[in-house]
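Starting off, we have a lone chain in the form predicted alone, written out as structure tokens.
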Amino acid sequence: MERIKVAVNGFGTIGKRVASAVSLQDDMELIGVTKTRPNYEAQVAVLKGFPLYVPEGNQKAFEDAGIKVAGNIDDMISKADIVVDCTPGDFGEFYRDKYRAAGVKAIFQGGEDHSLTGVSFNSTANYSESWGAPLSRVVSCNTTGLLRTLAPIDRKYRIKDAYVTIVRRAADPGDSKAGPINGLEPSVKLPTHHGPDVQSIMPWLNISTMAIKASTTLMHVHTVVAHLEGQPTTEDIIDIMSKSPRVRLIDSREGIKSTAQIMELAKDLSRDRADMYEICVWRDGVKVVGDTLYYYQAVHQESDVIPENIDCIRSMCKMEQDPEKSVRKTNASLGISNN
């Protein structure tokens, strides 16, 4: 079987995880990653055996640091069938035009606007819309989390409206510059971008979102209130979530009361980088009263979009038409139990 040649532009928080995930797929070949500075992540890429490409003119800085370089970014793009772009948000249009000129497919991340690609992706909600597309965008970590739980419920009971409050981590664990350090910071520009981002995939859904930045680095937590056309029981909703791919039911009565215990669970499961790819929903925090559903969920911002990128590659490159088969294949490679 001929493998799809995948390049990862940007070897940071998301890029390095995508690269590792691609390297585990038997139908994909990781042909290279990029860094702009000769830092420790560049060294890690070389140690892992990933061909490293750098901007034109930067090769000497890497060589002076003792880091082997395979070529420049244009060299990498020319060898790829598809590029997973994990560069900072300000470079989307520049690289989109570069990929187009090279005739290469590209996936962007949720930091870019939907308008950059015209197509946004979530394996649970709209896998087929990226089928054969030249460009697509995997939505953000929070949007991915909301789609994973709302979409299956909407298919069964039709959501009339949803109200979400997102308690956001202030920074990733490796970031020493961002804040707040000791406080809570509301996002006063309302509604936040998360609702419109969900609507880029579920345009019929009436959803409103608010957000608070908290002094933690571990995960985001969502509080969700949804009004449904039907009147399921609490058990009906729990049953849907238990069967939804990449949703993990947890229980405070079993000692998982906070995001700290969830990340400890990921370590105990021996996950790569202690990542929790699934959206974690507190089983004992799910409640239906009449036509109103309440629940809490936790999102690991560093990793929940990683399997989505793998599935998006398969859809865009027409490798697997059945979303369930792609999800099962990706899950097996990453050690995620298939519901």
Ligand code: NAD
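What you are looking at is a predicted structure, and each value in this text was computed from that prediction instead of being measured. We number the residues from 1 along the sequence you see.
Another form, the form predicted in complex with ligand NAD, is not on view; read the next lines as being about it.
None of the heavy atoms of residue 245 is located within 4.5 Å of ligand NAD in the model of the complex. Contact annotation for residue 172: at least one heavy atom lies within 4.5 Å of ligand NAD in the model of the complex. At the 4.5 Å threshold, heavy atoms of residue 313 stay clear of ligand NAD in the model of the complex, well away from it.
Though the partner is left out of this view, residue 232 does not reach within 4.5 Å of ligand NAD in the model of the complex, counting heavy atoms only.
Segments offered: 87-95, 205-213, 245-253, 222-230. Contacting ligand NAD in the model of the complex at heavy atom distances within 4.5 Å is 87-95. Listed residues 71, 152, 191, 111 were compared with ligand NAD in the model of the complex; 111 is the one with a heavy atom within 4.5 Å. Note on the partner interface in the model of the complex: the residue among 20, 13, 331, 25 having a heavy atom within 4.5 angstroms of ligand NAD is 13. Residues are counted as partner-facing when one of their heavy atoms sits within 4.5 Å of ligand NAD in the model of the complex; in 16-40 these are 34, 35, 36, in sequence order.
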